[in-house]
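Take a look at this single chain, the form predicted on its own, given in structure tokens.
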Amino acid sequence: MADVLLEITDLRVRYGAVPAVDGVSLTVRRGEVLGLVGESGSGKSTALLGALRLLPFPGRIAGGQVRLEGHDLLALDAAGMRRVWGERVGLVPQGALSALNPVLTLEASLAETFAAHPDVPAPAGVSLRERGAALLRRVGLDPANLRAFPHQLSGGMRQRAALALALALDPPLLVLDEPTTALDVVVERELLRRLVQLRDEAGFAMVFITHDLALLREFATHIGVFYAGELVEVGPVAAFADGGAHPYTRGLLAALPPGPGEDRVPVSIPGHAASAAAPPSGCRFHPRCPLATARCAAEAPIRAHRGPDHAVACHAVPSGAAR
């Protein structure tokens, strides 16, 4: 379809011989905000970094297809991928210091970004400093910070600087890998408001990776839930308004602290998260699931559609059934 930006099909990722992501399929359309959530080690970051060929050694793609704007990313050589990174996809990593060179000012880092992509034309009559100043204003930073080194900035300012670098070449897709983890709540909300504003202005799509499902229900358009290397539920945010359909999704929400006006006590999911490297038989969530039956222990569920764009992998939630 013309509006499909990123299409991941049956993606499998290994670290050496150890499986980390098993058969993940995702679609991101232009202008969407897809939020990916799951416990640590569930595969949400590995799936996206693998699809974008940014896995650290010894990570490797063991199978599947990845198409960005119709182009097969897994078939591109190193030079082709260097053009994709920055020009077509911007990445904001979990730690801003991972994106910022500690010995370069923000202006020098932006200059390196522009120099690495000479095919992207610069605005006529606009100097490098003017381009940099405009970028910093765009993300809510004072242009005076162009002369600053990363260590001279606060955590929130560094994340905004990393965002400016990711948006420098106006890519149609922005991937944010837990960008607010180290920020306090006030700074987190300011950054999210800025992201929403930028997306409304520029129309780029976002993939936002986080542990916070409640946060995603506030600003994402679609949500995908990972468990033990698999995508167990994905759909429009409206499908999660009453807690989602998969028992794991509902367990994640039940474990959250109550919000304003909510009269409930948080309930944690029993047991421990399964490992994608050595998953249990059948459904990987069945040892912790209150709805598990003998079938769940013996047979892995197939992700089935319950409605438009909403799919769930659970024997207890048949396709097309309301819950």
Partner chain sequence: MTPLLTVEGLGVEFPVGNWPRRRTLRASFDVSFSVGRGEIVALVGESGSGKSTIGRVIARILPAKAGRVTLHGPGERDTDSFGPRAGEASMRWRQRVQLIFQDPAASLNPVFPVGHPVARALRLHGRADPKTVDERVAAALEAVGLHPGATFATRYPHQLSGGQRQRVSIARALATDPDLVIADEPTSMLDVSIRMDILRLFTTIRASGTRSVLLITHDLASARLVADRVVVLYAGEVMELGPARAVLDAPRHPYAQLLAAAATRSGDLRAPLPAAEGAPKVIDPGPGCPFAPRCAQATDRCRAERPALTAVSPDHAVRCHLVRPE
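Residue numbers count along the first chain shown, from 1. Everything quoted here is computed from the prediction, not taken from an experiment.
Absent from the display: the form predicted together with its partner chain. The rest refers to it.
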Exercise. Taking 10, 69 and 208 as a possible spot, do all three reach its partner chain in the model of the complex with a heavy atom inside 4.5 Å?
Worked result: no
Problem set entry | Which of 254 to 262, 25 to 33, 293 to 301, 51 to 59 lines the interface with its partner chain in the model of the complex (heavy atom within 4.5 Å) | 254 to 262
Exercise. Heavy atom within 4.5 Å of its partner chain in the model of the complex: which of 189, 82, 129, 147?
Worked result: 189
Problem set entry | Heavy atom within 4.5 Å of its partner chain in the model of the complex - residue from 218, 170, 242, 112 | 218
Problem set entry | residue 193, heavy atom within 4.5 angstroms of its partner chain in the model of the complex | yes
Exercise. Just to confirm, residue 214 within 4.5 Å of its partner chain in the model of the complex by heavy atoms?
Worked result: yes
Exercise. Hey, in the model of the complex, does residue 185 get a heavy atom within 4.5 angstroms of its partner chain?
Worked result: yes
Problem set entry | Partner contact for residue 63 in the model of the complex: its partner chain, 4.5 angstroms, heavy atom | no
Exercise. Does anything in 39 to 61 come within 4.5 Å of its partner chain in the model of the complex by heavy atoms, and if so which residues, in order?
Worked result: 39, 40
